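In the form predicted on its own, a lone chain appears below as C-alpha cells.
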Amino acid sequence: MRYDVVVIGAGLIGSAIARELAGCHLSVGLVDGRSDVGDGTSKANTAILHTGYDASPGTLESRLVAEGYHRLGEYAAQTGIPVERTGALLVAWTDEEQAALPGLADKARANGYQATAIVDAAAVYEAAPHLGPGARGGLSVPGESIICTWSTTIALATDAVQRGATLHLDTQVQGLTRTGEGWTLDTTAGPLRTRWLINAAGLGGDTLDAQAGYDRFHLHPRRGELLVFDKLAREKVPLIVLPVPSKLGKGVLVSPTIYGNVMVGPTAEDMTDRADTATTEAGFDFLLGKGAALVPDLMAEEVTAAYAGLRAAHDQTDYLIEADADRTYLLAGCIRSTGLTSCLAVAAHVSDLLAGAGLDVTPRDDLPDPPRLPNLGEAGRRPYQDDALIRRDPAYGEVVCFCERVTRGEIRDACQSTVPARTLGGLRRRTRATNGRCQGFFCGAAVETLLANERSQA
C-alpha cells in the first residue's frame, strides 16, 4: 500500500497528527504495533488538562501546551470527551516551598497564564479540608482540569479514520528503507510505502529515529505507579493537589479522576525494560505513605486498583519536533505527559512544518462532523440513567458491570464502533467495564462473553 503520509504510533500524538493530515487532500496511514490505539504511554497517565502554567517559558512545549489547552477544551465539547474543571492547588509544606510560590506565579505569568493566586494556609484548608496538618500556604491554579485520556485518543483516532485515514493495528515496524522520494516500511503485516514518514512512536521513537538514519536523542523508560481509591473517597479530594516542584521532580499528586475515584501518584523509577509495567510492593508502600501524609482520611478508604505506566524520559530540554524536507521525514519526539494537553496543537504545528517542507496541506471542505463519544465521566449522564434512551433501546437498561454501571448496549456499541474494542482492555477504555471496585471479579466472565460474541460477528 502506498500513502502520502504514514504516521507511526497511534497514541495521543500520532492519532492527533493523523486526524489533522487526513483533513487535507492526502492519503494517510496510521500504524501501531499494539492491538488498540492509545495502548501505550497514552493510556496510563495522570489525565490532567494542563494550563501550561509551569512549563519553561519560551519553549515549544510552553507554546503548544497553552494553545492545546484551548484546542482540546473545544474539541472535548464537540466530541463528548468528559472534562471537569476542578482547579488545582500547589501546597507548600515547608518554608522553602512557601518561598518558591512567588517564583511559580511569575513563571505562570511568563507563560501567559494570569489566573494563579498565592493563598494562605486558611485558604488551603478551605479548598481542601481533608488535607493533612502542616500546610503553610499554596498556589491556586483554577484552570487545571481532569479529563479522560482514553476517550481523547479514541476520539482522535476515530476522527482520523472517518476523515479517510487507514488504521493498521498489530503492525510492528521492523525496518525502514529510503526508496526514491519516499520510504518503505517493513512491517509484520507486510510492506507499506509512503512519501512522508512521521515518527510519533513515543517510547520507541529514538529506536525508529536511528533506523531512519539519525542520532539526536535517547530515551529510557520511567515507570510511574499509581493507586486508585474507591469512589467513596472522592469527597475527600475535591480538586487536584500538587506538590511544589523540587530539583528531584514534580513529586506525588493527589487528584480526583474523571471516573469518580481518587488517584495518588505517580512514582518515578528509571528502568531499562521498555515493556515492564508491573506494579511493585515498594511502589504500593511508598504511595500509601504519601497518601497518608497528604490526605490522612484516605487511609479509611479502599484501594480499588494499582497500575503503572511508562513515560519516555529523555536527554532533551524541550519537545523535539523537526521536519527534514530532503528525506521527507518528521520527528515528533520527547513529548512528555503534557502531550495529552498539547496533542492538537502539536498536530497543527506538524502540519505547518510539513507545509514549509513542501507538502500540500490544504484543508478539505468536505470533512465529516467530529465523532460523538459516549460519556465515561461520573459527573455526566450515563446511558443507564437515560430513560428516553432505554425506551428506544432496552439494551442500555441492562447493566452488565455493576460497579461502573456499564450496560450491554454500551458494550455492543464499543465493539461495533469505527475503531472497535478488540480486547478486554480496549473495551474497558471505551466503557469502563471491569474498571470498578471488583476489577471484573463479578462481571468479568459475562463481559468477556459479550466481547467474544460481538467480535465473532464483526
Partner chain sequence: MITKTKVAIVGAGPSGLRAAAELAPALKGGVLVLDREAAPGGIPRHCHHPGYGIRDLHRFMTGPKYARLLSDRARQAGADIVTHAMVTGWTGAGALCVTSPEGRYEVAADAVILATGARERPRSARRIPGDRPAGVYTTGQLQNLVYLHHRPERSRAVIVGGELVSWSAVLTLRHAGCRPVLMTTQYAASEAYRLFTVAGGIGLRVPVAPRTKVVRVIGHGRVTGVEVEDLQTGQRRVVECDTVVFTGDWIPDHELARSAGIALDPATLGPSVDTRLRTDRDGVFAIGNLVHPVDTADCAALDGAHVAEPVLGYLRGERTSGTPVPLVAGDAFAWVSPTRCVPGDVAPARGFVLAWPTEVRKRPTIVARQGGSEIGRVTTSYPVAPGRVYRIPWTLLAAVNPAGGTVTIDLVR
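Numbering follows the first chain given and starts at 1. For clarity, every value in this text was computed on a predicted model and none was experimentally measured.
If you look for the form predicted in complex with its partner chain, you will not find it shown, but the lines that follow are about it.
Checking 270, 302, 322, 360 for any heavy atom within 4.5 Å of its partner chain in the predicted complex turns up a single hit: 302.
When its partner chain is considered in the predicted complex, only one residue from 405, 412, 63, 34 comes within 4.5 Å through any heavy atom, namely 405. Heavy atoms within 4.5 Å of its partner chain in the predicted complex are found in exactly one of 391-399, 412-420, 25-33, 50-58, that being 391-399. At the 4.5 Å threshold, heavy atoms of residue 177 stay clear of its partner chain in the predicted complex, well away from it.
The closest heavy atom approach of residue 275 to its partner chain in the predicted complex falls within 4.5 Å. Looking at residue 387, you'd find a heavy atom of it within 4.5 angstroms of its partner chain in the predicted complex. For the chain shown alone, residue 458 is not a contact residue for its partner chain in the predicted complex, no non-hydrogen atom being within 4.5 angstroms. In the predicted complex, 437, 438, 439, 440, 441, 442, 444, 445, 446, 448, 449, 452 are the residues of 428-458 with at least one heavy atom within 4.5 Å of its partner chain, listed from first to last.
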